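Here you get one chain, nothing else, as structure tokens; it is the form predicted on its own.
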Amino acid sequence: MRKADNACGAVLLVLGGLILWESLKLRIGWGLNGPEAGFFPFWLAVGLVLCSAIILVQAFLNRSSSADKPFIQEGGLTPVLKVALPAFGMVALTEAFGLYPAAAIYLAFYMRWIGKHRWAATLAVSLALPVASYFVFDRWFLIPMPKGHWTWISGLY
């Protein structure tokens, strides 16, 4: 467990450092129109670096026998993969089809496969939530979401 904590803390520390470095290039101050482009990434990265430092310190100070337990118990990997694989699939689908179709497919797959919900509830949620998100973000707040590379699908919305 201590090795996993060390590895996780180190990876998060490097990631936080990279985000800090990149956000400093974008200006982190407060301009006339509000926060500048690097403001939020900078402060999120500061939090990430602090949390990863806490993880590393705790892993270093933890000398108990529980620290040598395995990171993943037997049979514990399957539920993690059931959550992680559809999430990776949604990222890939978002790149191809755009956010809203990918969200509909992801929600339908996840609710039916993991949640074992009925088809009526699955279809209602997986269609209503992306449509509501489209109207909130694209129409009302005028925030364009990823449309994907296949324009014949993103041209529908």
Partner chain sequence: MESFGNLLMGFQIALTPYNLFVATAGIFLGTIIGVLPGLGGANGVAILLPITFVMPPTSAIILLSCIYWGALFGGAITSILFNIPGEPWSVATTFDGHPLAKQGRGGEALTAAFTSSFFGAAFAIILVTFFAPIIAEFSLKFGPPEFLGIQMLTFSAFVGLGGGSVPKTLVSIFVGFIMATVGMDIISGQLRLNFGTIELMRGFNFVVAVIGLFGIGEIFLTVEEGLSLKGVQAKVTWRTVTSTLKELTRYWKTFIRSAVIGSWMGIKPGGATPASFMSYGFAKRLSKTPEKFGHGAIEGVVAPETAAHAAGVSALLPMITLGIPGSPTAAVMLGGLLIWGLQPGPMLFKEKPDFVWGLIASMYTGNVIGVLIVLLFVPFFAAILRIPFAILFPSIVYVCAIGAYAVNNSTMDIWYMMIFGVIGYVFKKLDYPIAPMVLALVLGDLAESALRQSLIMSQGSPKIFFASPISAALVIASILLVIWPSISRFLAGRAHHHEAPQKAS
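Numbering follows the first chain given and starts at 1. Quick caveat: nothing in here was measured; it's all calculated off a predicted structure. Between two forms, the rigid core is the largest collection of C-alphas that superpose within 1.5 Å.
If you look for the form predicted in complex with its partner chain, you will not find it shown, but the lines that follow are about it.
Residue contact with its partner chain in the model of the complex: F40 places a heavy atom within 4.5 Å of it. With a 4.5 Å cutoff on heavy atoms, L129 counts as touching its partner chain in the model of the complex. With a 4.5 Å cutoff on heavy atoms, M111 counts as touching its partner chain in the model of the complex. Its partner chain is not shown here, but in the model of the complex it comes within 4.5 Å of a heavy atom of V125. Using a 4.5 Å cut-off on any heavy atom, the residues of 85-100 that reach its partner chain in the model of the complex are, in sequence order, A87, F88, M90, V91, A92, T94, E95, L99, Y100.
After superposing the rigid core, the Cα of Y110 is displaced by less than 2 Å between this form and the one not shown. If you fit the rigid core between this form and the one not shown, you'll see the Cα of G17 move by 2 angstroms or more. Taking 2 Å as the criterion, F42 counts as shifted between this form and the one not shown: its C-alpha moves by at least this amount when the rigid core is aligned.
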